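The chain below stands alone and is given in structure tokens; this is the form predicted on its own.
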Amino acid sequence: MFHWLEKNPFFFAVGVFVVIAYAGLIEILPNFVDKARPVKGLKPYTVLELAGKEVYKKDNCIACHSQLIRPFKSETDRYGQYSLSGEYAYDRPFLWGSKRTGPDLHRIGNYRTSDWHANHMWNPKDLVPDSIMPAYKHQFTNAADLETAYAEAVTVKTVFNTPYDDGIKPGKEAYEARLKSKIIPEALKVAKATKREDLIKAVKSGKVPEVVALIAYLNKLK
């Protein structure tokens, strides 16, 4: 058998390829599967955080900010631990980005507070004098689209079996019940942390400003 293979280099090469490929699959695939699982302690997004993620996409934050820390000392020294694949297990879609006009935001929740975010979104230059980031004052008056975020959570949970805000159910009544019991209290907690009376008053009236949802999303990034 082996003498025959030695006399037929093509089949010998094919045999070597098959053996190496099989061994590689046995060694590599389980590791890929494990890395794709959520990291320990990672929780799915809440409806409020999903609404904030939509604001992040709508206002094109991804054009200037990445959410991917590479395993280089220069990056880990500035932004913290490099990003792990399992940290994106609940992201639909990924918001890695490809440009850094501003800093990477993947660990922003570890070192910025809700009140810092609120002041920064109102007027970036107040906190970072050299910033070229525009103000996003419209986020303080525009209402976050919570109903669409809720529908997304239901869809992703139903279709992809991803437990966004576990316990949600389809339907208008289910959404309104969740709005009162979970979403508004979570939004009020964020609003109070911003120390801005206008945001607190808005949430108490039943309206969640976009900036509150966005801050909830940014606080999630750790």
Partner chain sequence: MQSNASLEYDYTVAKWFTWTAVIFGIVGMTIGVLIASQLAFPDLNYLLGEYGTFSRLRPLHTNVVIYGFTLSGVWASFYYSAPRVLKVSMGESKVVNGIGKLHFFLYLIAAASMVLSLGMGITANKEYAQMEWPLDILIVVIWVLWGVAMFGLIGLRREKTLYISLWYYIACFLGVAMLYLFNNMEVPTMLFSGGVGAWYHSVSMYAGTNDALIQWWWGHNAVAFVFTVPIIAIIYYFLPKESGQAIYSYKLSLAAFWGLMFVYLWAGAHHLIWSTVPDWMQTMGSVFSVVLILPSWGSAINMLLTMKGEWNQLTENPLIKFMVLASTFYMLSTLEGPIQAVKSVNAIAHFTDWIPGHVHDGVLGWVAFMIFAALMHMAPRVFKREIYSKSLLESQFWIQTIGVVLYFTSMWIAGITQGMMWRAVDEYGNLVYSFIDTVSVLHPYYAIRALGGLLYLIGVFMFAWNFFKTATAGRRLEQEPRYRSPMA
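Residue numbers count along the first chain shown, from 1. Rigid core here is just the name for the largest C-alpha set that superposes within 1.5 Å across the two forms. Please read these numbers as outputs of a predicted model, since none were measured by experiment.
The following text describes the form predicted in complex with its partner chain, which does not appear among the structures shown.
- Among residues of the shown chain, Asp130 is one whose heavy atoms approach its partner chain to within 4.5 Å in the predicted bound form.
- Taking non-hydrogen atoms only, Glu54 approaches its partner chain to within 4.5 angstroms in the predicted bound form.
- Contact check for Gly41: every heavy atom lies farther than 4.5 Å from its partner chain in the predicted bound form.
- Of the heavy atoms in Gly24, some are within 4.5 Å of its partner chain in the predicted bound form.
- Although its partner chain is omitted here, in the predicted bound form all of Ser85, Ala89 and Thr101 have a heavy atom within 4.5 Å of it.
- Residues are counted as partner-facing when one of their heavy atoms sits within 4.5 Å of its partner chain in the predicted bound form; in 57 to 78 these are Lys57, Lys58, Asp59, Asn60, Ile62, Ala63, Cys64, Ser66, Leu68, Arg70, Pro71, Phe72, Lys73, Ser74, Asp77, Arg78, in sequence order.
- Tyr164: CA moves 2 Å or more between this form and the one not shown after rigid-core fitting.
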